[in-house]
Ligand code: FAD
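As structure tokens, one chain now follows by itself in the form predicted on its own.
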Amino acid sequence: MTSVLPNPNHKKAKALKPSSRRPAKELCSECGLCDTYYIHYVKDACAFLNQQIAELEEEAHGRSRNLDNQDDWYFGVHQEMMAARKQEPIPGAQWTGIVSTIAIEMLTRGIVEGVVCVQNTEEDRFQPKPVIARTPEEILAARVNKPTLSPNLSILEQVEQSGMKRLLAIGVGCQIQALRAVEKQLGLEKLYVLGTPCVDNVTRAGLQKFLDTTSRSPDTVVYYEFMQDFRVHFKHEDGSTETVPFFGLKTNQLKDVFAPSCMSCFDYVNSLADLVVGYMGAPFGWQWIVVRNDRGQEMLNFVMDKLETQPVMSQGDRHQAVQQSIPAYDQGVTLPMWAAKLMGVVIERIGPKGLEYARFSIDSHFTRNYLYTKRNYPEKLEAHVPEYAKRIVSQYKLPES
């Protein structure tokens, strides 16, 4: 076990000044831990200072990944996977509102006393504002992903000071690894963790550059997502949807907008959450649900009667597409839009689907991130890249340098 032990004196510590409170430096994912007195645990807790997914999986789920099982390499410890969508979607939700519905059910039934989630500031729909929601209305105000680095854990002091004992935390992989590592410090009787898959977050300035170079109307984008049809889907204020093929993105201009923490992350699927709700392993229009442990099953049971479900499926072969994507991204290749649209149509018809699309996405990002880490942080490579990620990357031929 490598997570830190309880320290009854931690409340006496004071958070450091902003200029000195980022031990991970440029690799900081802005998870918020360093904004609290829990910064004293950061060298053990931070995913970019002490990669410990296998050890924390053992603590959270009762076992770590079985490296003889490729599904474990890709999807982490899990009891069950399925595709689902709400029978009655929540208006304004990014998908059908499964995450929000789980949170509301757990709060209104008294299973938890608060929900850590992310609203946005009044001034900027994409500027994250972590809160402890105590009403369904506050949960609903957090619907729709914020594709920027978010300091979710900055509210941990509020959790302890509130005296609440049962908490639901919603977050992404780097946040959840740090949360798991300090979980024993929080004085909670029960912590439930609802995760979303996460890849390629940006700073607010980086997000603006992405919107400006990709969308026809960047100022009216409400939310967007990279989808299973190999297109980026933008939702606009007037309700319209804009799609841009992956292969038409201005890669040569966008290679540097992603946060260094995201470029060196190998926890796309949020390995340490109890329950994960995303999209990438499901058919288009459905969400992918991964139950990791009994707490995750308990959480899902609260909403099963509100869901339409189907088994996960897998179709196609990702390997050639991934291998071709490695030099294309590395060299910043950008196709003319007509060629990008044509390629998108072809790949949508014959390319990977379901779990194979999820593997395609994981492979593409892990090979890219492995190269990034090797080139920029070679001294970290061996300890920072988990064994499952090394096995995934080893399937492909990478550039020598």
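The model shown is predicted, which means the values in this text are computed figures rather than measured ones. Quick note: we count residues from 1 along the sequence shown, nothing fancier.
Beyond what is shown, the protein has a form predicted together with the named molecule; the following relates to that form.
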Given that the partner is absent here, state which listed stretch (76-84, 164-172, 250-258, 208-216) has heavy atoms within 4.5 Å of the named molecule in the predicted bound form.
164-172
As a check of understanding, the residue in Q185, S264, T148, S325 with any heavy atom within 4.5 Å of the named molecule in the predicted bound form should be identified as T148
Given that the named molecule is left out here, which of E225, E105, E242, D229 has a heavy atom within 4.5 Å of it in the predicted bound form?
E225
Complete contact of W95, I98 and M280 with the named molecule in the predicted bound form (any heavy atom, 4.5 Å)
yes
Given that the partner is absent here, does A321 sit within 4.5 Å of the named molecule in the predicted bound form, heavy atoms only?
no
Mark Y268 yes when one of its heavy atoms lies within 4.5 Å of a heavy atom of the named molecule in the predicted bound form, and no otherwise.
yes
Verify the contact flag for P197: yes if a non-hydrogen atom of it lies within 4.5 Å of a non-hydrogen atom of the named molecule in the predicted bound form, no if not.
yes
Check I111 for me: does it contact the named molecule in the predicted bound form (non-hydrogen atoms, 4.5 angstroms)?
no
Under the 4.5 Å heavy atom criterion, name the residues of 51-65 that approach the named molecule in the predicted bound form, in sequence order.
none
